[in-house]
Every structure is written in C-alpha cells, then in structure tokens.
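The data below hold one chain only, encoded as structure tokens and taken in the form predicted on its own.
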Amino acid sequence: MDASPPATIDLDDLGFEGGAHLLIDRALHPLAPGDRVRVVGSHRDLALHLRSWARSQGHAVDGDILTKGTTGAQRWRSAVRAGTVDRPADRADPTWGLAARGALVEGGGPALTSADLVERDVVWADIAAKLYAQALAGQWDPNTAIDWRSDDDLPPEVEDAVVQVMTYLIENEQAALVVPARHLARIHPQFREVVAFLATQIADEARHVEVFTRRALLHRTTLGTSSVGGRASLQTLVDEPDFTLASFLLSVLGEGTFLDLLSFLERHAPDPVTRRVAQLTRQDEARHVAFAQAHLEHRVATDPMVRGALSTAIQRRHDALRQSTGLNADVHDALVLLAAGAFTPAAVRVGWDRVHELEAAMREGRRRRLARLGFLPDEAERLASLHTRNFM
C-alpha cells in the first residue's frame, strides 16, 4: 500500500443531500482500487453519511479516510458499446435494449424482445437518413397548405364522384398507416434512421386520412361506399408478417401505383381543393416509394434469393384475391366521370379511355420498379400484371 499521505477533499459545509458525492467521485475516478482519499468538511452529518454512501458504492471508510473499492470497476467490466455512433451494427444485440447507438451499455439489462428485427440488412436503406431530413423539411399543415374556402358549385354527380374517390383513398391510406406502424416497434432502435423515417411515413398517412376526409365532407355530410373486394385486398397488406415483403407490396407496388393515381386526380379533379390535396399527398407518397425501393434494392443486393420471395409474394397475393371483385366499381366509375368532365357520350368515352390509360401507366410503373430489382423483362411484365386490381 502507498504509505504517502492521501489527498484531501474539503467539502466545506456541503452535505450528501446537496451533492457531496460528486466531488468525492471526481477525486476517486483516477485512482485504482485500494487507493485512499481523506474526506473532511464541516457538515454535521458528514461522518454518518460518508459511511452510508461508501457502503452503497463498495468503498471502505476508516475515520475520515476513504479507500476505493472494486465494485465500480466490476460493474462495467462486462459493458459493451452498442455499435458506433456513426454506423449501425450489422446485428443489434437485444440486450442493448433502448440504449443510444454508441452508448456504453452495462451488462445484465433486460432484452428488448419486442424488437425482433435485429439484422441491419433486413431493414436497411442507405437513403433513409436523407429521406427523413426531406420529410421533416416537407411537412405541411392541412390548415394552411390548402385553401379550404371553396366557392365551386359542382354538379351533384361530380361532387358525388369526388366524395367516392376520397372515401376510397381514406380506406387505402389507413392501410398505408397501419402497415408501417405494425412493423415500426419490431425494428431495433440501433437502426434509428429507418425507425425515424417510418415515423414520418406514419405521420404522413395520418395527415392524408385527414385531408381526404375533409375534402369528402367539404360539401357533403356522408361518405361513399367501401367494397368487400377493396377491403380484402388491403387486408392482405396488413396481414403480411415480413417487413421486407410488406414494404414491397405496400410501397413499391401499391404506393408506387398510387403515384399515378394521384397525378391523374391532380390533372382531372374538378376543383382546386381536390387538385391541391392530390398534389401534396403525392409528394409524400413519392418519399415512401423511394425508401421502399431503396430498401428492396439493398435486400436484393445483399441476398439475391430475396427476389424469389418477392415473386412468390406477388403470386400468393394474386391467388388470394383471385375471386375478389378488385376495385370498387363505384370508384372506377367516379374516376371515369372525373376524367370525362361532362355527361355526354363523347366525354364519357374520353373518360373511360383515360382511366384505361391510367391503368396502363400504373402497370408500366410497376414493371419499371420490378426491373430495377433485377427481374428480367418478361418476368417483370408478368408480375406487374398480377398486382391487385384495387391499385394499392
């Protein structure tokens, strides 16, 4: 043992109830177990509180001499870093729990068992942080971004068509909200960029549900119809348990298809409120598609076998919906009417053709996205055509 006199900490009148341990800890920090410090002060309970605190910390006390124990060093002996601050780990340890990425994690804590997606490649997209920043910058307030004061006096049938399309969009956006929300808590917080982006996606979808509802009720007090076939199609998205497959079916194929639909509405909507709603929501949806496409391209690049799972998922969903009616007929007719712009045979024919052109554009968009995932042209064409007739 070092025979030299120990260093002295003078606490003056500071007691443990006022933070005296901070000064003592600071003095002990550079010392090795067995080293000593002398603790003096004028607080009336110093001796009593020093002994009590020292026992709790594994130190020894003899009079005013405090000897550093080994408890502190032992406590952190098995601690590990939860990855690094700048880059997520390839695999997150469930026992890191909710610790910040890069934090020194004390061993022995509870495992975050609810977050079962712990492999980086299973959830990752390099573009996630960039898209999250874009999402923050691109947030918009429905109260100010849209001029809800509408003087348009649309023909009743046209207003009914708008309400029907809005009703359909609400239903689909609720599915687009539920699916990422279902998977969000399953992603380990080590992959915080992905978690943060999905949080913005969920907020986007909630806002879309709001604005579609407000537009539907702008001149009406009731909504349109909801078909069994449409809801059955969306249920297959909600029920998909795999994060990658759910992202593929919902965002790459479904929301990707919706980009064309919202562009269609922006072109053919009969009033400025509907056009503005379509424009703003399409901007958000483009981010969702970009993330999912990047995630799928990452998955295919790291594991080409995933491509087979994607093909199977499309075929399985197609088979499950084979007997369904697909798109609500009321929605189809409402789109035709909006694109027609008038109740004349010639206008309806034009509207009908425009909806068919829309469906062809949707199919071509899906084919391009599938091609970017490495599907050969014939296979991409075939799979694109198997997508649900309900669009999403």
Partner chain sequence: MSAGDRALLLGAVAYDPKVVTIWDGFRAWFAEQDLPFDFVLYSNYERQVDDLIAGRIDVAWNSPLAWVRARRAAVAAGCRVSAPIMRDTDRDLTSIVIARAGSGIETTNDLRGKVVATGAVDSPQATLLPLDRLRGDGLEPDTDFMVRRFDVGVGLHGDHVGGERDAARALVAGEVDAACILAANHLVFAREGTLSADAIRVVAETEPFDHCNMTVNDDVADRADMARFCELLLGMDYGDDRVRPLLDLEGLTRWLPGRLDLYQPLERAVDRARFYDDDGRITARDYRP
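Since we're looking at a predicted model, the values are computed, not measured. Residue numbers count along the first chain shown, from 1.
Absent from the display: the form predicted in complex with its partner chain. The rest refers to it.
Heavy atoms within 4.5 Å of its partner chain in the predicted bound form are found in exactly one of 279-287, 305-313, 116-124, 73-81, that being 73-81. For the options 45, 357, 364, 62, the one in contact with its partner chain in the predicted bound form, meaning a heavy atom within 4.5 Å, is 45. Looking at its partner chain in the predicted bound form, residues 17, 49 and 108 each place a heavy atom within 4.5 Å of it. Not displayed here, its partner chain is kept clear of residue 372 by more than 4.5 Å at the level of heavy atoms in the predicted bound form.
The closest non-hydrogen atom of residue 382 lies beyond 4.5 Å of its partner chain in the predicted bound form. Although the partner is absent here, residue 341 is not a contact residue: none of its heavy atoms lies within 4.5 angstroms of its partner chain in the predicted bound form. Contact annotation: residue 55 falls within 4.5 Å of its partner chain in the predicted bound form, judged by heavy atom distances.
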